[in-house]
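Here we start with a single chain on its own, the form predicted alone, put down as structure tokens.
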Amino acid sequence: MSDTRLTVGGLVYPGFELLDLFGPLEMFSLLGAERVAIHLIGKTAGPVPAAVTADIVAGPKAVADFGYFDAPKLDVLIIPGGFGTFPALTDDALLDYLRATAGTGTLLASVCTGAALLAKAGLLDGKRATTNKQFFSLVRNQRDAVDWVEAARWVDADQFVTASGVSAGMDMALAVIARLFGNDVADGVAVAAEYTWHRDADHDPFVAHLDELAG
């Protein structure tokens, strides 16, 4: 159980999915300021648009507190998916930031297609991982060396934790909180959020929709 204050980062890039990021960050925020500090991190400090479905610049803007090169050392980094994931796969600065952050021992937690970014950076090689079920093959195609798990709400591979689509990120965040602070604290966060925590990482009701939107 952690007795230190966590520094949690949320990665923002054009076209990120709102709930992918702010759902997990909400769970961490309910730990209280004495337990956690939260920062948004983009390529540079300043506003970054979220996606509204496939329009990757139509959504509200989140303001990055730091850029990649002046961001603080993090204990946890949340990596959202979204329609902006796929153009971001060619963003060398973003991929380099993920590699550098992993090298400091930070726990990297992806939601939805955010796993594609970790895979493209080579960080999931030889590890189990999952992603959004409806776009599964698009993510799987980023890296053959990953052990992609089709039926999972989230997958915990120690330093790298990957969640299924969108709302699954909140279940994953609670599991990470339970790992760091204990089950009682995670239970209290779920109650404070009035959220029904799906605790079984292997129970995935959405695997029935595998690859429905991948084409």
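The numbering used is simple: start at 1 and walk along the sequence shown. What you see is a predicted model; the values in this text were computed from it and never measured.
Heads up, the form predicted together with another copy of the chain isn't pictured, but that's what we're talking about next.
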- [ ] Could you tell me if all three of Gln134, Arg153 and Ala192 have a heavy atom no more than 4.5 Å from another copy of the chain in the model of the complex?
- [x] yes
- [ ] Could you spot which one of Val149, Leu180, Ala186, Leu30 gets a heavy atom to within 4.5 Å of another copy of the chain in the model of the complex?
- [x] Leu30
Open item on the list: Can you tell me if Ser167 lies within 4.5 angstroms of another copy of the chain in the model of the complex, counting non-hydrogen atoms only?
Closed with: yes
TODO: Would you please decide whether Ala201 lies within 4.5 angstroms of another copy of the chain in the model of the complex, comparing each non-hydrogen atom pair?
DONE: no
Open item on the list: If we define contact as a non-hydrogen atom of the residue within 4.5 angstroms of the partner, is Val52 a contact of another copy of the chain in the model of the complex?
Closed with: yes
Open item on the list: With a cut-off of 4.5 Å between heavy atoms, is Gly23 one of the residues that contacts another copy of the chain in the model of the complex?
Closed with: yes
Task: Residues of stretch 36-58 in contact with another copy of the chain in the model of the complex (4.5 Å, non-hydrogen atom) - done: Val36, Ile38, Leu40, Pro47, Ala51, Val52, Thr53, Asp55, Ala58
